[in-house]
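Taking the form predicted alone, here's one chain by itself in structure tokens.
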Amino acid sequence: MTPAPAPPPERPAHSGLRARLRALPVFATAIPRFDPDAAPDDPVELFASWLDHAVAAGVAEPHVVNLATVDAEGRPSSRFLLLKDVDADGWRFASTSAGPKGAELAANPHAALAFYWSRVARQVRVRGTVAPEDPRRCAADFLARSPAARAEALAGGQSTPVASRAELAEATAAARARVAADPGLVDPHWTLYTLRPEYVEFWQADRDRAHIRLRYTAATGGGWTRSLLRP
């Protein structure tokens, strides 16, 4: 007689995640109108308009952006940080050059930014090359940070292991004392980066999944070309 097959192993308590995820609503918000034919010629102008709309709609921290980089072997990393500025020269963010972001950008200066504003069902994606700004602009950005944020950077060792919270608290307290004693102290590794975009893409959701994707591509010699993309 063939033995009965062994019962399947018990699944962990989180095994129902798939069903729970599929049951979550999407686009459960008032979706604004977007006419790509009426969009401006400059993506910075459209981004500023969308950002103002997101703020007015109550989007929390709309200047938070995901930065994706790759290391020398092409392995990706992503994290969230604050957008510092956008103008004709590019999209700016800041970080220590002594941390993982700085190392990856030094090895491969290509990066991507992504915003998602769920309250208005909009995304903005940017891809391009990244270069550090001159030391004076980096120092000015550092000194514009709060004392606590400056101390965090001066404590150093971003993303490296720490033995205990007590050790971390001691390092942070020492850095805060340095900032208090010398308000003009600048972390030499603090870097303001500018991403010069190859393209900027705007995505507007539609409940019937007729999403609108408008891409601005940098044209040779300056300016932009616009194109609609399939959802």
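Treat the numbers as computed from the prediction; the structure is a model and nothing was measured. Residue indices: 1-based, along the sequence shown.
Same protein, other form: the form predicted in complex with a small molecule, not shown, and the subject of what follows.
Student: Is it the case that 155, 175 and 186 all touch the small molecule in the predicted bound form, with a non-hydrogen atom of each within 4.5 angstroms?
Tutor: The answer is no: none of the three residues contacts the partner (heavy atom, 4.5 Å cut-off).
Student: May I ask you to state whether residue 119 is within 4.5 Å of the small molecule in the predicted bound form, using heavy atom distances?
Tutor: Although the small molecule is absent here, residue 119 would stay clear of it in the predicted bound form, with no heavy atoms inside 4.5 Å.
Student: Please run the contact check for residue 159 against the small molecule in the predicted bound form: heavy atoms, 4.5 angstroms, yes or no?
Tutor: Yes.
Student: Does any heavy atom of residue 81 come within 4.5 Å of a heavy atom of the small molecule in the predicted bound form?
Tutor: Flag for residue 81 set to yes.
Student: Is residue 64 close enough to touch the small molecule in the predicted bound form, meaning at least one heavy atom pair within 4.5 Å?
Tutor: Contact with the small molecule, yes.
Student: Pick from 119-127, 106-114, 132-140, 90-98: which stretch has a heavy atom within 4.5 Å of the small molecule in the predicted bound form?
Tutor: Of the stretches listed, the one contacting the partner is 90-98.
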